[in-house]
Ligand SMILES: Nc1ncnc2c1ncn2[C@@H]1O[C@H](COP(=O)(O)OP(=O)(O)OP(=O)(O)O)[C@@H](O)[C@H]1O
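Only one chain is given next, in structure tokens, and it is the form predicted alone.
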């Protein structure tokens, strides 16, 4: 029998995938009306455990109790009907459908044999308004950003009236304003007796919302305790089995060289309104130039235009003092400009292909010797594997099977086998654990030491402050200021990010 104190219990859960024991005797006890945070490095088994709870996977061993009852093999639909909803880390909205259709997909309100669209749209708009989400129920999902997709997933989970809501990295792609909305909803649900299972790598938010914490390491349950028993250092040490003393290993002795790249008066105007205007900045060799700002500030849009993904309306680009034209990504690559996109799964990797294929794809010219030189590719893969410490059994492993941190390293590897002068990193550590973050930051420092110019967009202020030599702050498509490392503080960044844009700018 399950203990009445818990709304959900997982006992001795084991899950084995080919060659990997993903979960090995994991325990979980979730109290109603509490936020229970699951902590662990990427690959620890957190998401696998959540997918067993919601019916995506079936456990090989162990028991699940929900509201005191033993639950046998079950489907995702079964868990929804029971009152367990899950927000996935990898979002899969139906982009051509409306917000309302996505929220009610598979459980549409009916009027007889037909879908009651009037009720569906009315109920959806009421839900969005109640959650202070600035959307219309009739909007198509493709009109929304990644942050918007995440917020709609949250609305969908709340619409189920669940007793347990699982949130797997729900804040990884949204800004401070949206995170504020998310936390308001979490606290409201908690006060109504709903249990929240929450996966996050962000220390500040863990200690802001957690009531209970469970730590999983290498597929094994380590411990569970009240949040007040932990501090960030203790939690990280328990998660990784070792102390990480320097998450932001910025070396201020790295020599900053001459200007390697310059943007002058970059402007992009689209039919639905201006995206950014008069963007000018310089990047030096050996420099890490941070770009800060709230969601919608236009940081990613500027970098997409520089990399040739989107057209510029006007402006000039210079590389080593010479003006360059970039009309597409291939021209950017040929000039030594690389970009790691914020959504590595959608844009950075071909998930169903091997590491060998992923690393070679953007460098086919280099490897084409009449026929594709597979031996040369394998040599480069092995070199990158050693340089970046990518944890793979062999080069033919599919990219989609790797942890978030190792996927990010593969994305870096595919660029580094070429001749990169300017590396654009858009949210380089989004959705990866603190141990992998530290490794990525060390690599950034080494790239800078070798003379590469690095542009880093990050929504995490500690990362921006910890790794940047200078920080460009944007708001609503305009640069509001540039801060040197010595004058950069969270307060100074937020003052610039929220100070308001003049109409004549």
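Being a predicted model, the structure only gives us computed values, none of them experimental. Positions refer to the first chain, counted from 1. Basically, rigid core = biggest C-alpha set you can superpose within 1.5 Å across the two forms.
Below, we refer to the form predicted together with the ligand, which is not included among the displayed structures.
Put simply, of 366, 217, 202, 391 only one has a heavy atom within 4.5 Å of the ligand in the predicted complex, and it is 391. Of the residues given (438, 468, 459, 48), 48 alone sits with a heavy atom within 4.5 Å of the ligand in the predicted complex. The chain is drawn here without the ligand; in the predicted complex, the stretch among 285-293, 205-213, 322-330, 394-402 whose residues come within 4.5 Å of it by any heavy atom is 394-402.
Shown alone here, residue 406 lies within 4.5 Å of the ligand in the predicted complex, counting heavy atoms only. Interface membership of residue 41, defined by any non-hydrogen atom within 4.5 Å of the ligand in the predicted complex, is confirmed.
Interface residue remark: residue 169 is counted as part of the site for the ligand in the predicted complex, having a heavy atom within 4.5 Å. The ligand in the predicted complex is approached by residue 20, whose closest heavy atom lies within 4.5 angstroms of it. Along 51-78, a single residue, 57, places a heavy atom within 4.5 Å of the ligand in the predicted complex. Once both forms are fitted on their core, the CA shift for residue 305 between the shown form and the other one remains under 2 Å. Once you line up the core between the shown form and the other one, the Cα of residue 409 ends up 2 Å or more from where it was.
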